[in-house]
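Next up: just one chain, as structure tokens, the form predicted on its own.
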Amino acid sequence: MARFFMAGTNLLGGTAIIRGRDAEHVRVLRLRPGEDLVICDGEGTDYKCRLVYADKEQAEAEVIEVVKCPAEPSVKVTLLCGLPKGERVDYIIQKGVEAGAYEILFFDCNRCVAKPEDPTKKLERWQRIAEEAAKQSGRGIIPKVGWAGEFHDALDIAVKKDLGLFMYETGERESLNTVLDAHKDLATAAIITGPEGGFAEFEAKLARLCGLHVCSMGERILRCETAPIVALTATMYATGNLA
């Protein structure tokens, strides 16, 4: 079923008014009067609607039912990823949104190969990827994609969550499964993963000093675009958000 994200101001008196790019999308999908669609307010509420009419500039739909989006996890997980190169960023955004991330933030650290002069120029494109992934996966929000800044900024964000997980591939570590098993009742969590070269030893020490759980995901070495999705999926499963 077609899904659209619209502000609540376009949902008035049991009628949804669809304009602009979304109206064009209705036309591209060749939706006809009488067909059903879902409009989400971006805050977790779904409006199940039936199309009344559509033209090139506007469409109108009747609101049939208002429900809480069933796809939104009970825990808000922030993914904090050392900035990788090229398409790996797109993959992390797309799969992170599908897997249930609340927000996805990138940061610079010691071994980041990609060092854009102004990463904020990429934010609009990154956010579009998140929106399309949210539509495809039936999310009730469009997760925010942003730039956290430097490594210490990422740590500062993580320590403010109920649970902070720092994924590290060597040295003394806790089992991710053991940590998650002891923290099933969460409202917020942060998962920090590294870039292509992983984290430097001093960065792992800083994470530990900040009180984050320095965790292992087993003996296999995961790519920088795989690690955040695996850790996020494990968190979703441990908190009852993956049946």
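The first residue of the shown sequence is 1; numbering continues from there. If you're wondering where the values come from, they're calculated on a predicted model, not measured in any experiment.
Note that the form predicted together with a further copy of the same chain isn't included here; everything after this is about it.
Student: Choose one stretch from 93-101, 106-114, 152-160, 76-84: the one whose residues place a heavy atom within 4.5 angstroms of a further copy of the same chain in the predicted bound form.
Tutor: Going by heavy atoms within 4.5 Å, the stretch is 93-101.
Student: Given that the partner is absent here, does H25 sit within 4.5 Å of a further copy of the same chain in the predicted bound form, heavy atoms only?
Tutor: Heavy-atom contact with a further copy of the same chain at 4.5 Å: absent for H25.
Student: Evaluate T15 for contact with a further copy of the same chain in the predicted bound form, applying a 4.5 angstroms cut-off between non-hydrogen atoms, and reply yes or no.
Tutor: Close contact is absent here: in the predicted bound form, T15 is far from a further copy of the same chain, nothing within 4.5 Å, heavy atoms only.
Student: Please tell me whether any heavy atom belonging to Y237 falls inside 4.5 Å of a heavy atom of a further copy of the same chain, as the geometry stands in the predicted bound form.
Tutor: Y237 belongs to the contact set for a further copy of the same chain.
Student: R223 versus a further copy of the same chain, in the predicted bound form: is there a non-hydrogen atom within 4.5 Å?
Tutor: Although a further copy of the same chain is absent here, R223 would touch it in the predicted bound form, with heavy atoms inside 4.5 Å.
Student: Here the chain is shown alone; which of N177, T188, Q58, T45 has a heavy atom within 4.5 Å of a further copy of the same chain in the predicted bound form?
Tutor: Answer to the contact question: N177.
Student: Taking a further copy of the same chain as it sits in the predicted bound form, which residues of 132-152 have a non-hydrogen atom within 4.5 Å of it? Please list them.
Tutor: The stretch 132-152, when checked against a further copy of the same chain in the predicted bound form, contributes A133, Q136, S137, R139 at the 4.5 Å heavy-atom cut-off.
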